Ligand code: ADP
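Single chain ahead, by itself, as structure tokens, in the form predicted alone.
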């Protein structure tokens, strides 16, 4: 309730500000709004998607220069003449130009990782800045003037006070679109990027597509800001679109709270007001003029990164009393399920698989099968190559030699996303969850391939029916594995054993016919292991095939139908649990010999 009152108060202040504020403060609020739109894009790109960009100012420039050129050019080529003269057509053209440029740059830049990605954004940010200044038809470094004012419902927005509502309508629209996107199937796919490409792809998320999408959305938000800036100022030159402004936009997102939508507005407000204040007072204190505020910003950024990495927004929300959120288990129609394979049918067959990493042979002529309605255990000492075999089977790595068949189809060279679509799902040796998302949301990521609504539907809030069914399915899987009481807790707050159980629920949400479990009992207490074993027996009874890697021999031998033993990348034994336990070769591998 308190948050709703604060939101209502904020909207009320926005509404009456032009009636009571001075011209100076209206100008300041307009710039805060323009900067907030760009920072919102960085919330998606950097705070949520984990992709750092210093080049957003260049996209602001594309939006500004496109509408400036089309609005002021005396003559345009025939194909562009229909776009000339109207600022609204300039917006459409700016979005098209920015979208095309961002798509091409995204395809090139987003292939980079680590520190190479921000360096790549710096490179094209500088390039576009100098392009604006060196093209004569864009006015060179002098810039372009005479840009017409916007006209809305017959009212010309010729001054900042009139333009104010246009700016803040765009800000609130961008906030609404961003929140809708993040609270959707596509939003969970974007948030899954921080959990690592391997996990996201194994759940069916096209990570390359998700990266390009948020890159495009951030660029289009920046374009809208540039379009508004051009018609507010009615003059553009390259200066506001340089690399130093791109760094300021990133400051705004980080200081406000890069992972929080409202943090973009807080960051834009704090940095804009602070910059204005410092520009007024630092020359008086130091007795000289210059960009001393950038020194202060640098120190502030270091302080924020050390003391408040999540930004100001989470700190501010601590002071807002809030009622306990309703924790209603989602209810919805069941999603379609794939047909259950006939019991005993071979689901997975690996034939003579080799996996080499340079001169290291991690898997040496490995073969195994898994049938529907059975638990097949893959065991062996540490370093035996079990997880590598898992990765070859599930598409994380491709086998160097040999063949992997899943449901009769060759999948040796398919990626993990393509294999997941066929009905194989997995957990990981080292738990891979999104700790700041709830248990329910983490499990819903597993159902990604069972939905079809895209980004546009999500942003416009048109996918609610599908979203309810996906969350209801996730809730059923949470209950299925015994985590109902923790459904609305943050995944990072769970004990390790519960986190492993959560991974199983996420894998089950994909509706697999083959489940790959990498050490699922590690970290579980005795009763938790018994519950897990009971769950796996139930899944086996439903016709699911299970390939299990585990070090707990009591757990394995009391559950598995068949066992394959590996050592040094090779299969040294295969058979029923009792047979394998008495095999001298297996005892030698585990115990170093028997009397």
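What you see is a predicted model; the values in this text were computed from it and never measured. Numbering follows the first chain given and starts at 1.
There is also a form predicted together with the ligand; it is not shown, and the following applies to it.
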Of these, 477-485, 344-352, 375-383, 96-104, which stretch puts a heavy atom within 4.5 angstroms of the ligand in the model of the complex?
375-383
The ligand in the model of the complex has a heavy atom of only one listed residue within 4.5 Å, and of 388, 499, 180, 72 that residue is 388
Looking at 305, 155, 360, 285, which is the one with a non-hydrogen atom within 4.5 Å of the ligand in the model of the complex?
360
So in the model of the complex, does residue 291 come within 4.5 Å of the ligand, heavy atom to heavy atom?
no
Taking the shortest heavy atom distance, is residue 239 within 4.5 Å of the ligand in the model of the complex?
no
Verify the contact flag for residue 493: yes if a non-hydrogen atom of it lies within 4.5 Å of a non-hydrogen atom of the ligand in the model of the complex, no if not.
no
Examine residue 429 and determine whether its closest non-hydrogen atom to the ligand in the model of the complex is within 4.5 angstroms.
yes
